[in-house]
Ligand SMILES: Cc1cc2nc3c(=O)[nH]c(=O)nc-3n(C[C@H](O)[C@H](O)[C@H](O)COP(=O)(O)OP(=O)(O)OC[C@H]3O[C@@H](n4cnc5c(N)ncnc54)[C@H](O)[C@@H]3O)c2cc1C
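Presented below, as structure tokens, is a lone chain in the form predicted alone.
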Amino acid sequence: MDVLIVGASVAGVATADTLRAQGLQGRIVLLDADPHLPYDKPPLSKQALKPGWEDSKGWLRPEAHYRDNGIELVLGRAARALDAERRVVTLDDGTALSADTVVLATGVRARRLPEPSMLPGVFTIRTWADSRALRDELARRPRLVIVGGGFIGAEVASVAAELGADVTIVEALQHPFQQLFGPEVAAALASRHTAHGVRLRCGQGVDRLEGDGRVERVVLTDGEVLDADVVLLGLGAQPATDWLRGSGVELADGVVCDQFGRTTRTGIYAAGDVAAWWNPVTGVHERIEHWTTAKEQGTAVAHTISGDERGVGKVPYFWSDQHGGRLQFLGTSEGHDRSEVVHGSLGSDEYVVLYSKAGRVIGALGLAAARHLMRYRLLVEQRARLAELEVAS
């Protein structure tokens, strides 16, 4: 059996590695539009922005790994269309690749402003080239305006402030992360920004960007003008599925899959940020943009292809490095109706917060508290009753 994996992401590489580890003898091809050796994405908004970063530190595998395991790399070629019936992928140069099985692992693309606003000096971060270009700008200690205070924005703000840049975050909500973590935690995280010299302009949107040949100003919706040498857009991401329209593969905020990574077309699978997997616990399709989930899904798809259905772990996990502290999260906070600090305090540099919904624990957040946080992993997985925890404590 030959397998074509579209997207040399962490999910795509995990699929290829697991297939070989299971003894697949057929051809395995990893296709990606990026010309560089497959690399890890989390460092792009963190360590890779600092001087002295060696690109090889970000490789998912050294080049010899692919050669030694018979995994063919087709890099610098973008997929343009999929014939799901024949399992043929047409590339941007007009050539085509076919296989018995196709795995879709194309990830997401960063949201951008309308093209008239995408002046020189305006950046997004999704690729090695994006990160490298922004690193060069940060070396000049610019006036940096970050539009969007989510994880990418917060991580870049942390690095940029450390490097001596003048940093302002523009956030539409009252505080960054308010919708995800609730107002109290969001306020605590905002205070960490200000303590490290990052200015916040919250409850504001961007009306327009201005500049003569390059971005020079950011005009907010309340009329305030922020001088800027560099602008980073942290506006979230969209699944990279445009090339799949008309393929017959069902799309709905990503590629629709069952709980084992099968799409609606035989022989076509999906994993990683692009995939909306069925969650038997919540009863909905969920597209989760977390590194750990992507790797788990890539591994699970390989098992599914081999006839060994395993699915993925029940507790999503992600982390974010900000201002010298690691933020970690287990489970979900979606729809929570209560949050409670169970270790440390929000005014400190170390704490754990439990999130619950209808009396059951659904998630846990930790700042610089990995050991304490992981105590709650099983409780999140079991959706333990909050009342039982309170009695036990």
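Just count from 1 along the sequence shown to find any residue number. As the structure is a computational prediction, the values presented were derived from the model and not from experiment.
What comes next is about the form predicted together with the named molecule, which is not displayed.
290 is the sole member of 265, 310, 199, 290 with a non-hydrogen atom lying within 4.5 angstroms of the named molecule in the predicted bound form.
Here is the short version: of 303, 126, 323, 285, the single residue with a heavy atom within 4.5 Å of the named molecule in the predicted bound form is 126. Not one of 17, 66 and 261 places a heavy atom within 4.5 Å of the named molecule in the predicted bound form. The chain is drawn here without the named molecule; in the predicted bound form, the stretch among 29-37, 50-58, 345-353, 360-368 whose residues come within 4.5 Å of it by any heavy atom is 29-37.
Contact annotation: residue 225 falls outside 4.5 Å of the named molecule in the predicted bound form, judged by heavy atom distances.
For the chain shown alone, residue 271 is a contact residue for the named molecule in the predicted bound form, at least one non-hydrogen atom being within 4.5 angstroms.
In the predicted bound form, residue 46 approaches the named molecule with a heavy atom inside 4.5 Å. Residue contact check for residue 243: one or more of its heavy atoms lie within 4.5 Å of the named molecule in the predicted bound form.
Residues 9, 10, 11, 12 of 9-26 are found to place at least one heavy atom within 4.5 Å of the named molecule in the predicted bound form.
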